[in-house]
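Below you'll find only one chain, the form predicted on its own, shown as structure tokens.
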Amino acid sequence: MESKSDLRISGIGKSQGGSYSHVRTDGMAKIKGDTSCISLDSNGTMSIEGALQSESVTVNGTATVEGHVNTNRMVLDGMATLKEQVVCTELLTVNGRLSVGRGLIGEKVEIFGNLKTREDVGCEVFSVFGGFSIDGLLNAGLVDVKLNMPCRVQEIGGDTITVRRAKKYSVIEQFVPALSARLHAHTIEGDEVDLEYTDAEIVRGNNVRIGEGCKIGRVEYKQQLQRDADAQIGSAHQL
């Protein structure tokens, strides 16, 4: 098997892309071209002017990747801008802010900070303890949202969808509703749907619970509908 060299950049440095064993950057690093490696660890500021393929990616600081990103595991502590599609086959953990220019495909996505994508998100598990903005469809087997920030999505589809509020109302939220920790969606559809503090036009499901703080235009359910006395529902229909 061909032995590949490591790429290490410390301080301020530039390098060409290529195929490496391990890539580590400390400081300000610019890599020009597509890059493939077994692992990539970035501390500081890193930019890659090309695509990135790596079994694992760890970012502490800020990172920008111009091309597609394909990895098994990614941990982001800081801010990352990934301008094309991201595929993460095992686990993506976001502890800071991640902006994805295209869609996101993964197995398990954990958001403890903030996620923004301009296209769809597809995964088996989508777990949030922060906020997100998805300009498309969120499709996941399990959607578990603990609202800490405003969350927006065009549509959610899944087997089990649960939305809870993770914090009490703050004074700022009372005067600036846009900063309120609520979920805003057009359509939410799943087998088991359990919502709190959600604004949606349409909610569909087999068993649906519309809880505290919800404002729903139309609810369609097959088996059971539970509603909190505080919830606002325009109309409800059993299919």
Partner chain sequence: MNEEDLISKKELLELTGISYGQLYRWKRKNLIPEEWFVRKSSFTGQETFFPRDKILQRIERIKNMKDGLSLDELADMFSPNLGAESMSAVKLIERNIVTIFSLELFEEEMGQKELLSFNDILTVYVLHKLLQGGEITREEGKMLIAVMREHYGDLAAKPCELALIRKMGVPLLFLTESAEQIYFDKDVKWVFRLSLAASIEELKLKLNEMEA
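Positions refer to the first chain, counted from 1. Treat the numbers as computed from the prediction; the structure is a model and nothing was measured.
Although it is not shown, the form predicted together with its partner chain is what the next lines describe.
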{"property": "Interface residue in the predicted complex among D34, D199, D194, E189, criterion: non-hydrogen atom within 4.5 angstroms of its partner chain", "result": "E189"}
{"property": "Selected contact from L91, V87, L137, A166, since only one has a non-hydrogen atom within 4.5 angstroms of its partner chain in the predicted complex", "result": "L137"}
{"property": "Partner contact for D144 in the predicted complex: its partner chain, 4.5 angstroms, heavy atom", "result": "no"}
{"property": "Heavy atom of R204 within 4.5 Å of its partner chain in the predicted complex", "result": "yes"}
{"property": "4.5 angstroms heavy atom contact with its partner chain in the predicted complex for P150", "result": "no"}
{"property": "Its partner chain contact at C123 in the predicted complex, heavy atom, 4.5 Å", "result": "yes"}
{"property": "Per-stretch contact check against its partner chain in the predicted complex, the hit in 153-161, 127-135, 108-116, 70-78 (non-hydrogen atom, 4.5 angstroms)", "result": "153-161"}
{"property": "Heavy atom contacts to its partner chain in the predicted complex at 4.5 Å, residues of 219-233 in sequence order", "result": "E220, K222"}
